[in-house]
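Only one chain is included here, represented as structure tokens and corresponding to the form predicted alone.
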Amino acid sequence: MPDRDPVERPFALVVALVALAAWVGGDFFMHEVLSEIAILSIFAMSLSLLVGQVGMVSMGHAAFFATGAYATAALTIHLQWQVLPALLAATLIAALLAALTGLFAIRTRGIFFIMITLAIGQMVHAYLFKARAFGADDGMGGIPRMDLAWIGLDSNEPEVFSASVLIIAAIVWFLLRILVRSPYGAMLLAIHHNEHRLRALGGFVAHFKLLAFVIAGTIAGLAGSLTAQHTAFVSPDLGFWTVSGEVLIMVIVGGMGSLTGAIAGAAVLTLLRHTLSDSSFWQNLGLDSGLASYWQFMMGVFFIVMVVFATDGIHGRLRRLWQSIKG
């Protein structure tokens, strides 16, 4: 199928080269940040499939993220599973939750879809907050990372773990790109543009939407499992609605409808958060280090500026620039 977006591949290549350069020249802190960005990129790409491709804005996507994280924690700590089997099982559990949720959610549209996903997300958060088997509001710690000794590597080393999650993020991007450029991806776009017309033509709209919802939930569960390994700790906050809001902002900043844009949005917001909350950054600028405590306010200003002056996000701006150069 011909490429509908000439900017996506060059944009992805630039992002990959920047990530590679950061990994090669990075110190301990940079590898930790790279791991965080890669995991959030996977999470953001999962939501981008729903928002950009199908037009379903979910405010409960963190439920699948938290499910993947908690399932990994429970399987490795309580049942003493190896991490890789636990990762696969956690991803499948998130997929099952997405399937059960999707059966109800896809019957709604617009604000009603937002509200039902928000409600389900908050139900998951409330359960995790009270469940003593999972540490309740204290969470769970001591979660191990995947065992890579069979290839002579130690995933507890920051550079090894960051490389692992970067590779996984690249694989997720590649598979999702195949999906969105397939006939199935074209059907999802058709649903986005005119769901009623497709239904009138005999399209299996509900089936397509449910499958997209399950795929997105599965990938979010994968991201949750990886974040549990990265931080070695999970808490109910992973399922709170603000986490869904934050990843939605990443998708919007990067550009809805672009998988690479979702990665860029995750990278930009993560780097901004770490930079603006670092008192030494403000000191190096000759300003009061106390400004670091206002980093959330500054992030809000940045998001407002993006919405006002770049409604189509980073990817959309690049596409417009390309079109203007091409003439």
Partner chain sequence: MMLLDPGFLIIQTLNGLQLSMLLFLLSIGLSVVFGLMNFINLAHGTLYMIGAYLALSAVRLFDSFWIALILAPLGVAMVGAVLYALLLRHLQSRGPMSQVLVTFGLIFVGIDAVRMIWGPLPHGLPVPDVLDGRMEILGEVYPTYRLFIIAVGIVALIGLYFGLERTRLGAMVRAGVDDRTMTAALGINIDRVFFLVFCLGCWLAGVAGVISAPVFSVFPGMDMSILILTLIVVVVGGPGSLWGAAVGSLLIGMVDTYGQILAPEFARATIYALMAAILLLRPHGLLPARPIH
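Not measured: the values here are computed from a predicted model. Note that the rigid core is defined as the largest set of C-alphas that superpose within 1.5 Å between two forms. Positions refer to the first chain, counted from 1.
The same protein also has a form predicted in complex with the partner chain, omitted here; what follows describes it.
**Q** Could you spot which one of Ala206, Ile114, Ala170, Leu189 gets a heavy atom to within 4.5 Å of the partner chain in the predicted complex?
**A** Filtering the options by heavy-atom distance leaves Ile114.
**Q** Between the options Ala163, Val214, Ile252, Val83, which residue brings a heavy atom to within 4.5 Å of the partner chain in the predicted complex?
**A** The residue in contact is Ile252.
**Q** Given that the partner chain is not shown alongside this chain, does Val14 nevertheless sit within 4.5 Å of it in the predicted complex, heavy atom to heavy atom?
**A** No - in the predicted complex, heavy atoms of Val14 and the partner chain never come within 4.5 Å of each other.
**Q** Applying a 4.5 Å heavy atom distance criterion, does Ala89 contact the partner chain in the predicted complex?
**A** Although the partner chain is absent here, Ala89 would stay clear of it in the predicted complex, with no heavy atoms inside 4.5 Å.
**Q** Whether Leu179 contacts the partner chain in the predicted complex should be assessed with a 4.5 Å heavy atom distance threshold; does it?
**A** No, Leu179 sits far enough from the partner chain in the predicted complex that none of its heavy atoms falls within 4.5 Å.
**Q** How about Thr231: is it within 4.5 Å of the partner chain in the predicted complex, going by heavy atoms?
**A** Because no heavy atom of Thr231 falls inside 4.5 Å of the partner chain in the predicted complex, the answer is no.
**Q** Among the candidate stretches 148-156, 75-83, 127-135, 216-224, which one is within 4.5 Å of the partner chain in the predicted complex when only heavy atoms are counted?
**A** Among the listed stretches, the partner-contacting one is 127-135.
**Q** On the criterion of a non-hydrogen atom at 4.5 angstroms or closer, are Thr242, Met256 and Phe303 all touching the partner chain in the predicted complex?
**A** Yes, each of Thr242, Met256 and Phe303 comes within 4.5 Å of the partner chain in the predicted complex.
**Q** Where, within 34-66, is there a heavy atom within 4.5 Å of the partner chain in the predicted complex? Residue list please.
**A** Residues within 4.5 Å: Val51, Val57, Met59.
**Q** Does Val308 move appreciably between this form and the one not shown, meaning a CA displacement of 2 Å or more on the superposed rigid core?
**A** Comparing forms between this form and the one not shown, the Val308 CA shifts at least 2 Å.
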